[in-house]
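The chain that follows stands alone, in the form predicted on its own, written as structure tokens.
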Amino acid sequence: MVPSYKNFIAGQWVDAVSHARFENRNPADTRDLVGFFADSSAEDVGRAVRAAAQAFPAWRACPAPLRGEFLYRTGEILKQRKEQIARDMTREMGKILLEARGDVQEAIDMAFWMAGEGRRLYGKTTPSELPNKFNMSVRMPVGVCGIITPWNFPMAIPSWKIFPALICGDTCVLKPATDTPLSAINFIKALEDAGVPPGVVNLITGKGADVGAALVDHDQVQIVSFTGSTATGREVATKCAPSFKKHNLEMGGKNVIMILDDAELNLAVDGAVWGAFGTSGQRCTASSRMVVHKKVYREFLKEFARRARNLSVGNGMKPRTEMGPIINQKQKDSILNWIDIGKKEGATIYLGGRPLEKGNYRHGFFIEPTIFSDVHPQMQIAQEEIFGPVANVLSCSSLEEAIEIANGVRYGLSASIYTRDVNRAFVAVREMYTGIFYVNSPTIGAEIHLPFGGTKNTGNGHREAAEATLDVFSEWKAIYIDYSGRLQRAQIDVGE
């Protein structure tokens, strides 16, 4: 018995209008059919957007502290269901169970954080320049939010978007990645069981070309929040531009770990292994470049390869597995193509570089942990996001050169440095043009109470998580209350 799942519209679980379905299979073992999911169309999107629009007036009128209570209950439900949700996630997405639990925990943390924002949602009061006049600012909701999320963090990323949208008084239509619809359904079920009113959150599954495009184009969607590739993000921005539709984009990265000659080398290797091969390298924050001082380059490379060689690759459900599969065949082919490009560019495959397709691997999408050495900063593999278990090791002769190489890409998401010199660390903190920076830690591991996002081609200037994300899902309103009983003209009457 293979379960069949539906869309969630106006508080009801309903089939796609066409009754079409698509399969979702385990990337570690494609013989394992996770379920059938609604293969939706623009018509389904229209139904969901209308439901969200109809629910918006009552939801925005609901006091923010009460909206926070719904989120708090959602967090408690996610805590209770954490293990089963994590297992579902590993089964459909492939990341090891330990990481899947962390993904769910991030959603729990965000639920509780944003529940508290229901009693904050601070505006400002400020003195007027005129007598007998009171000035303040408040947040107001935007309206219907189109939420488009990727497969690599199928619960954490929806939580970064939907929870702040709800606390601001917005309503949402979620379009999850086709590779991870079950995690999205588990997320929406928690909101449903927490009592969130019908139409406030809606879920439509299906292909990006059909569902995602229709959501972006719909004239009742006031804001689109997208996480995914830079190429698709550019399409979203282009479609939103003619109508000035609000949009926030979280896109690619080509993140760097700088390892100086005074670094604690074992600690740096720990960070490089985790940063490069955690989630099989399928993170926008993955540590895909290691810029290593030439004095410790060979020593680092040798130990990095030894540790990566010993990683246990396999089904994420097995307790001893340290790196799971690639999400699907298309992504596997793309990664292998990038490995071929690296060879042709003259980089040396120091470790790995091959697909794993025999024995326990024959029914899944697996690639060996791969390390390139002798990489030049301008090589394509050192410039473009590969989104897989491929790490490039480059050499430098100084902190200044390391920073120049690190900044020399079109992305600006995350970076880190390993050094025991606090002065050099602070120079790197100042000079790196990225949205996130770590010292003596890899480029992954963001916490929800700090802003998340990047510069350059990584995003369009917005941030997710923490209070910064409230600026995405709300608009500021300035309010002036004049109780002088006469006409007062700002700027003109000042000083008279």
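The structure presented is a predicted model; accordingly, all values stated were derived computationally and were not measured. Numbers follow the displayed sequence, beginning with 1.
The form predicted in complex with ligand UN1 is left out here; the points below concern that form.
Among 444, 62, 427, 34, which has any heavy atom within 4.5 Å of ligand UN1 in the model of the complex?
-> By the 4.5 Å heavy-atom cutoff, the listed residue in contact is 444.
With ligand UN1 left out of view, choose which of 293, 283, 91, 289 has a non-hydrogen atom within 4.5 angstroms of it in the model of the complex.
-> That would be 283.
Stretch in contact, per heavy atom within 4.5 angstroms of ligand UN1 in the model of the complex, of 446-454, 45-53, 66-74, 25-33 = Every other range fails; the passing one is 446-454.
Does residue 107 reach ligand UN1 in the model of the complex if we count a contact as any heavy atom within 4.5 Å?
-> Looking in the model of the complex, residue contacts with ligand UN1 do not include residue 107, since no heavy atom lies within 4.5 Å.
Indicate whether ligand UN1 has at least one heavy atom within 4.5 Å of a heavy atom of residue 157 in the model of the complex.
-> Yes - in the model of the complex, heavy atoms of residue 157 and ligand UN1 come within 4.5 Å of each other.
Considering only heavy atoms, tell me if residue 300 and ligand UN1 come within 4.5 Å of each other in the model of the complex.
-> Judged by the heavy-atom cut-off of 4.5 Å, residue 300 is well away from ligand UN1 in the model of the complex.
Taking the shortest heavy atom distance, is residue 152 within 4.5 Å of ligand UN1 in the model of the complex?
-> Flag for residue 152 set to yes.
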